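The chain below stands alone and is given in structure tokens; this is the form predicted on its own.
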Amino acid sequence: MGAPVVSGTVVAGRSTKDAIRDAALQLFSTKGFDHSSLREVADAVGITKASLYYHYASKVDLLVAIIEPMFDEVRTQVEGLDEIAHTPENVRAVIRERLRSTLANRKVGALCMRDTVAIVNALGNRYPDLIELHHRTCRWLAGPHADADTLLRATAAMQVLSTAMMSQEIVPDTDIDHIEATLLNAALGVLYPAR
């Protein structure tokens, strides 16, 4: 298994690139980005370090490959918001979609929360764009002509959703549907407090 793996080769039913990303995500999540080496990633996949470099030029490139799909999903969600009418039903649907996306990517999300500095450095000039996507979501959730209180509640509701990233560690034995329902209700409760 230590022989070089070339592009397109499949490792245990996955492409080599996928296997590298999965192994790196596991290592970065457990040891942290700074404390993991590309040698460890290559060893975990069963390839040489040279084979790993064939797919990813650096550890930062590998980190970007891990996190970028999640951010691309967020970008797609946010770019579609302008075409959705701001109604309570649609607000609930948008929050649920973001929550499901976060839960589906919670291992990557947990890595982002733990290694924020590495993520910001890896994303470079793309990081401000991600912040703007977050702000756009909050403004949409608050609704047109929102006052300061409503905008703050919308932002707080988004923070509730970020709990999904660490949910595996917080409640490891809890069913994902239960987590989704709890966090959806919590976010909506923050956004629409009982008067």
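In case it trips you up, residue 1 is the first one in the sequence shown, and so on. Fair warning: this is a prediction, and the values are worked out from it, not measured in the lab.
What follows is about the form predicted in complex with a further copy of the same chain, which we do not show.
Visitor: Work out which of V64, A156, A44, L133 lies within 4.5 Å of a further copy of the same chain in the predicted complex, going by heavy atoms.
Guide: In short, A156.
Visitor: At the 4.5 Å heavy atom threshold, is N121 in contact with a further copy of the same chain in the predicted complex?
Guide: Residue-level check for N121: yes, a contact with a further copy of the same chain.
Visitor: When the contact criterion is heavy atoms within 4.5 Å, does A85 count as touching a further copy of the same chain in the predicted complex?
Guide: So A85 does not count as contacting a further copy of the same chain.
Visitor: I'd like to know if L25 sits close to a further copy of the same chain in the predicted complex, meaning any non-hydrogen atom pair within 4.5 angstroms.
Guide: No, L25 stays farther than 4.5 Å from a further copy of the same chain in the predicted complex.
Visitor: Please determine whether A50 contacts a further copy of the same chain in the predicted complex, using a 4.5 Å cut-off between heavy atoms.
Guide: Because no heavy atom of A50 falls inside 4.5 Å of a further copy of the same chain in the predicted complex, the answer is no.
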